[in-house]
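Just one chain follows, in the form predicted alone, and it is written as structure tokens.
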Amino acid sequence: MNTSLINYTLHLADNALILGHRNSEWCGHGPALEQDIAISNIALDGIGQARNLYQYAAVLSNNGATEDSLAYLRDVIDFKNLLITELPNGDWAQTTLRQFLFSAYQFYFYQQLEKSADQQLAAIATKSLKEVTYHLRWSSEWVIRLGDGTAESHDKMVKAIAEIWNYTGELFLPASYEKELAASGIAVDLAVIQPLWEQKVSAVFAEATIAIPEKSFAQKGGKEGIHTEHLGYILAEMQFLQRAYPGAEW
């Protein structure tokens, strides 16, 4: 079970880190100063969540690993993040839609993880839920604003859905380590949160005057280390300093 718990903790940490890094790419490039600050703060929240989870994974590993080595010295195949988190930012519509779909997932996920038999994961979930509640509200407002805005903004949101939707199925496809831990009351049962997520997404999409796409093929593999080409480019940039100057510290 310890290996499964490590993998599960790394999966959650990787989700937070990779999406946090993606959002950080908007810093200084947001459409307005207020939104530039907002997306940068959301990025920082994600990296903060990742730190808490990597620290716990390092303790569980008990092999000298640290939060830095887990973030900066693992290769693509070792990362277990959902594919949706590594997709390119695209335009503002694509970024805010991705954040909404993932934050809606995280919101219900952390509500359930608060009940985990693992006290450390439950504590991290409680802290993270406060941040994700804001992320969900902020991103929901943008999906509605763009979807129910001008003809151009509506078209951009429809295009963003076409780019991202096939990656949402993976949210609710449990990996082997998730199945094992869910049976022991540690991991979240994804079947419990899927209808809640679907209801939330349907409500926001309706207000945004955009349609829920028909069920389609689910892009998957991230939880088991099979990724898109995009993750390699993210890690090349994110890990450069630590790999070029091993052990470097501020």
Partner chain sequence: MTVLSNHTTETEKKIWLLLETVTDPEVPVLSVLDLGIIRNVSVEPSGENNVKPVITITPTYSGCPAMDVISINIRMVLLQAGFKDIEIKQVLSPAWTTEWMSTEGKNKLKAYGIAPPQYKQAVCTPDAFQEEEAIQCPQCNSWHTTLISQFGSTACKALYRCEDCKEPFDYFKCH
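Source: prediction; values computed, not measured. Numbering follows the first chain given and starts at 1.
Form predicted together with its partner chain: not shown, discussed below.
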> If you check in the predicted complex, is Glu141 within 4.5 Å of its partner chain, heavy atoms only?
Replying inline: yes
>> I'd like to know whether Lys127 contacts its partner chain in the predicted complex, with contact meaning heavy atoms within 4.5 angstroms.
In response: yes
> According to a 4.5 angstroms non-hydrogen atom cut-off, is Ala123 in contact with its partner chain in the predicted complex?
Replying inline: yes
> Even though its partner chain is not shown here, does Asn41 get within 4.5 Å of it in the predicted complex, heavy atoms only?
Replying inline: yes
> What stretch, of 170-178, 157-165, 75-83, 131-139, brings heavy atoms to within 4.5 Å of its partner chain in the predicted complex?
Replying inline: 131-139
> Which listed residue (Gly225, Gly30, Gly48, Pro213) meets the criterion of a heavy atom within 4.5 Å of its partner chain in the predicted complex?
Replying inline: Gly48
> If you check Ile37, Ala183, Ala191, Val59 against its partner chain in the predicted complex, which one has a heavy atom within 4.5 Å?
Replying inline: Ile37
> Honest question, do Arg22, Arg98 and Phe109 all end up within 4.5 Å of its partner chain in the predicted complex by heavy atom distance?
Replying inline: no
